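In C-alpha cells, one chain follows: the form predicted on its own.
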C-alpha cells in the first residue's frame, strides 16, 4: 500500500512538473527580431510597430528584441540568419534586398530557399519624391527635364547599393534616357532626412519613410509606381497613368532561419496572422500606403519568394548590374 501511494504521488508530481516540451510550443527566451536595414527606414518602422503590438497585446511570453543589421545591403543580416540554423528564437523582417543581395553578392553563401517562411505582412510601395523647395518641379515631365539638364550633378539618394532603391533608379535611367549620381545610405530614414536637408535632389522612398516630412510640407511626391492610386495619395498619379509602364513593389515578410521546429513555425505563423488581422496593422497599411490584402505563409510564401528571386535576377540583368551597384 505504501509503495502504491508513493508511486501515485510521484506520478502526480511528474504531471505537475512536466517539462514545457510537452506543452504547446512558445518562446522560452527573448526573440531576436532582425532588421536587414538601418534605423528609421520602412523595415525598421514595421519591425518596431509589430514588436510594440506584440508587447501591447501581450501576445508573447518573451519579448521581441529589434536588432538592426544593415551592413552590406542586408548581407550582414542574411548571413547572421543563415548561421542561426535550427534556432527557434530568431526571426527577420525582410525587404527586396532579401532577393537582390544574394544575387549580386554570390560569395555570400546564402540560399533564401533554405530560410523558414513565416508570413508576408504587406507589399510596400514606391513614390518619386523631391524637396518642396523645388517649385520648378511640379510633375514627372518637369522632373525629367531638370534631371537631364543637371546630368550627373543630380543626386538620387537610396537605401543601400544593389537593392530596391538603386534598381528603381536604374529603371528610371533606362526609361527616360538620363544618368544620375546614386548615393547609398544605410536606411530609408536617413535618405528622407537628406532629401529635406537638400543633400540629395530626389529619392524613391517608401511612403512611411517620407510621411512625416510630407505631412509637414517639406517634401512632395510626383508619381507613384503602383497599379492604381493609393488611398493615402489620391492626388498623385501613377506612372502608368502618365504613359510610363513602370510598376514596382517591396515585400515586407517575416522569415526564420533554416531548420526551425514545426511547432515553433506554427506558433509564429499564428502570432503574425493575429497581428496581420489587427485593426492597428490594417490601419497602418492604409495610412502609410501599403497593400495588406492577404498574409501568405508556408508553401505559398516560399513559392512567392522563389518567383520574386527569379524576377529580380531577370530585372538586374535587364537594367545592368553595373548600374545598380555603381561598379
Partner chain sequence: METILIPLGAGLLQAFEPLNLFMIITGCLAGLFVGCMPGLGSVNGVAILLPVTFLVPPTAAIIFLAALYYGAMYGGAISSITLGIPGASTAVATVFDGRPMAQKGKADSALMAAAIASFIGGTVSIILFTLFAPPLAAFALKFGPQEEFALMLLAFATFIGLGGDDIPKTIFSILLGLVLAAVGFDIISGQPRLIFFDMVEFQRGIGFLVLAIGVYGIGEMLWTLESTKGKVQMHNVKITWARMRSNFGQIREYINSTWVGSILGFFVGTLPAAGATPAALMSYGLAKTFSKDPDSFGKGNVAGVAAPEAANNAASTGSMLPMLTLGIPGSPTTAILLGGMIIWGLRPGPLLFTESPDFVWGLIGSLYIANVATVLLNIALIPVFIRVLAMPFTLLTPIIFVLCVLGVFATTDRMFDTWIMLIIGVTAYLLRKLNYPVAPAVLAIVLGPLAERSMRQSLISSQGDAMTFLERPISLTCVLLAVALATYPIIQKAVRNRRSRRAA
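Numbering follows the first chain given and starts at 1. All values reported here derive from a predicted model rather than from experimental measurement.
FYI, the form predicted together with the partner chain isn't displayed, but the following is about it.
- Interface residue among 76, 241, 173, 247 relative to the partner chain in the predicted complex, by the heavy atom within 4.5 Å criterion: 76.
- Proximity to the partner chain in the predicted complex, defined as a heavy atom within 4.5 Å, holds among 115, 143, 225, 185 only for 185.
- By the 4.5 Å heavy atom rule, the three marked residues 273, 296 and 305 all fail to count as contacting the partner chain in the predicted complex.
- In the predicted complex, at least one heavy atom of residue 32 sits within 4.5 Å of a heavy atom of the partner chain.
- Shown alone here, residue 72 lies within 4.5 Å of the partner chain in the predicted complex, counting heavy atoms only.
- Shown alone here, residue 80 lies within 4.5 Å of the partner chain in the predicted complex, counting heavy atoms only.
- Taking the partner from elsewhere, residue 265 is found to have every heavy atom lying beyond 4.5 Å of the partner chain in the predicted complex.
- Residues of just one listed stretch (232-240, 215-223, 132-140, 250-258) have heavy atoms within 4.5 Å of the partner chain in the predicted complex: 215-223.
- Counting a residue when any of its non-hydrogen atoms is within 4.5 Å of the partner chain in the predicted complex, the hits in 98-135 run 104, 105, 107, 108.
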